[in-house]
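Next comes just one chain, in structure tokens: the form predicted on its own.
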Amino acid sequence: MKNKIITILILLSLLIPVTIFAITGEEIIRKADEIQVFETSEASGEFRIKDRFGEKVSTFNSWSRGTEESLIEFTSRAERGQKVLRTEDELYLFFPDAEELIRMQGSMLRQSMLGSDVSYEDMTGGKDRISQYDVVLEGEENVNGNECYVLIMTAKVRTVPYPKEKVWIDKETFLVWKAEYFTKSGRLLKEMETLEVEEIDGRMIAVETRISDKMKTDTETIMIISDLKINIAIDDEMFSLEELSW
């Protein structure tokens, strides 16, 4: 009887690692990245920016193509005509009143976008995180009723906005429900939480998120995406510098 128990324990010990490592951290991140990328997309949306002085709303239209090209045009009265263009590794800002085109670089990238908790630097991170981070699958946790993988990501390149990230990714849909962003030394810089999702093209997409800059006091930004259209025809000139000032 004792030998049978020992044999069962040995078999269980062999099976446990298989269960734990049935999926790797890299595979989870790859799947999470894949659901966020469309051939092309078009959407409208708004930033609801709250701080100790009150709340303001900034509206925008946006377009994207693949992982590297995107354009945001603000449509709210105070910012109407301002545009942010991302093309490959470059980011440009256009102010219509001054007819000025600015290439964002260095410390400029850390500036807040319209006073929100989103920085221009947040737009520069690529969506191929496997090539940018070392990924460790730390465990599993429940986030607001959703069973999630918990992953720690440590940057292996200097071109990413944050040296370290902790993310909670849905075990079924691979949607990111929550994320924390840190300095290299481990200081918390920013938090993100998904508030509302929508199924689009068979994928669960975050359409409302809350972003909080932990370097500020009493502030948060709610970003809402509406009227999202995917895999549509977009003019090749949409993401060109020549068209940015129009």
Partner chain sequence: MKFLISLAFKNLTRYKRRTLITAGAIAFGLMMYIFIDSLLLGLEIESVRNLKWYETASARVLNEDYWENRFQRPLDINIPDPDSIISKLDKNGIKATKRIEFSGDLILNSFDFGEDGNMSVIVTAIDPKKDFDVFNFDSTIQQGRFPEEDEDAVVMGSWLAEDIGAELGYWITIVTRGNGGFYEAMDMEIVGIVNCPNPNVNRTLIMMPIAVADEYLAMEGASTEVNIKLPESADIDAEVIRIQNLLNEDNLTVMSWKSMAADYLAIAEAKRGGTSMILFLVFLIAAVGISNTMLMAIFERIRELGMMRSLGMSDKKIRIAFMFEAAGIGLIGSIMGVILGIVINFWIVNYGINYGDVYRDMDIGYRVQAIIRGAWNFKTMGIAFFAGIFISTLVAFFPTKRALKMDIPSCLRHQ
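Positions refer to the first chain, counted from 1. Bear in mind that the values here come from a model prediction, so they are computed numbers and not experimental data. Take the two forms, superpose them, and find the largest set of C-alpha atoms that agree within 1.5 Å; that set is the rigid core.
The discussion below concerns the form predicted together with the partner chain, not included here.
Interface stretch in the predicted complex with the partner chain - options 59-67, 186-194, 26-34, 199-207, non-hydrogen atom within 4.5 Å: Heavy-atom contact with the partner occurs in 186-194.
Exactly one residue in 123, 137, 143, 160 has a non-hydrogen atom within 4.5 Å of the partner chain in the predicted complex; which is it? Looking at the other structure, the residue within range turns out to be 160.
For residue 107, is any heavy atom within 4.5 Å of the partner chain in the predicted complex, or not? Yes, residue 107 is a contact residue.
Relative to the partner chain in the predicted complex, which residues of 212-233 have a heavy atom no more than 4.5 Å away? Those in contact are 215, 217.
Once everything's superposed on the core, is residue 183 shifted 2 Å or more at the Cα between the shown form and the other one? True for residue 183: a C-alpha shift of 2 Å or more.
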